[in-house]
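A lone chain, given as structure tokens: the form predicted on its own.
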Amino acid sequence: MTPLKKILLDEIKANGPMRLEDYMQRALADPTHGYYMQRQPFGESSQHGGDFITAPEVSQMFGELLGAWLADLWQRMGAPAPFCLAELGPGRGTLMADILRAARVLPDFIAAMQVHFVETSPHLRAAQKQLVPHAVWHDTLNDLPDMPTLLIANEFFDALPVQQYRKDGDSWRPIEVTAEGDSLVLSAGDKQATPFSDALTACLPAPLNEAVIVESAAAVEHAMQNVTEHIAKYGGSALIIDYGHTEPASGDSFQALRGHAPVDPLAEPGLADLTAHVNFPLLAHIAQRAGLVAAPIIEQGLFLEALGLSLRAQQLKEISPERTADIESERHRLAAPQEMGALFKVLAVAHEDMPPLAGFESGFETDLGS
């Protein structure tokens, strides 16, 4: 039994069931025993450590293409100086390091930027400082500087807590975590009237059948509202990449990974990564409600190919022919529909004064050189 599981069992036995979103928050962010406070989550495979791998860890090409996209957008938006280059949940710092390396082709971009990370994990902050030592760290989005901002959020929103509700007639029962002996189990709480925000209600499919599960994520909505309000006030754009759905949807997507394999999300709190699918229509709706422009939500594979993924892969193979098989494998993993290409989606939102966002409705290729 993990230390956090014992603590949670004792709390539940003393105080009654806890909401699923509270359980998820504790399991991920408990100051002492939370997953992101004590674990090294990233790794190529279970044999090489870690519990999952993100696109920047798959290949340098991912960050390089985003770096070119950002530098191009900065130049077309009038090259503001200074500007904030922000990343939410930057992992080990790999993505930003690759972005900055690619963006060196535009020295004025590098000179004008101020890198800001929103990260709460001391463990991950230490890793980020090794790769991006000049960054400024913040605990919340509210601390970003008052200036034009280009923001990246790769696999950030999926790790924010969700609350599930099960339809029961005209009411909804919140899903809770309770105790059965030494086990944590899910149960349905007392009936409630419609518990969803106006924004989520506008993005739900119809009709909603009896016993259907709907996932509400106040933390996701709050974070997206902060992002959009900042961009609406100071200008810029946000690029959000995560796994989720592009159309209104319902259902249970709460899951856990440990050692690159699915596990029971209630079995070992603190030792497994807990996530839920991102509601991209909800994010787009929040952005539009704030007066921003939202580009069409597309699959990661299509976006990366529009940015020149195959071209960059060919360049790298010519530079390092001995790595041809590895580079092609990385390209496949990032873009193939059966890999990350279709599961992961991309949403870009921007201030109404921004130029068109490349890679969504028009092609975008760049020569990154070596």
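Residue numbers here begin at 1 and follow the sequence given. Fair warning: this is a prediction, and the values are worked out from it, not measured in the lab.
The same protein has a further form, the form predicted together with ligand SAH, not shown here; the description that follows concerns it.
The stretch in contact with ligand SAH in the predicted bound form, judged by heavy atoms within 4.5 Å, is 112 to 120, chosen from 162 to 170, 210 to 218, 112 to 120, 180 to 188. With the partner removed from view, the residue among Asp98, Asp72, Glu176, Glu155 that has a non-hydrogen atom within 4.5 Å of ligand SAH in the predicted bound form turns out to be Glu155. The contact with ligand SAH in the predicted bound form, taken as any heavy atom within 4.5 Å, belongs to Gly91 out of Pro265, Gly244, Gly270, Gly91. In the predicted bound form, Ser59 stays away from ligand SAH, with no heavy atom inside 4.5 Å. In the predicted bound form, ligand SAH sits beyond 4.5 Å of every heavy atom of Ala294. A residue is said to contact a partner when one of its heavy atoms sits within 4.5 Å of a partner heavy atom; Cys203 fails this definition for ligand SAH in the predicted bound form, lying far away. Proximity of Leu124 to ligand SAH in the predicted bound form falls within the 4.5 Å heavy atom cutoff. Contact check at 4.5 Å (heavy atoms) against ligand SAH in the predicted bound form: all three of Tyr36, Thr54 and Glu87 pass.
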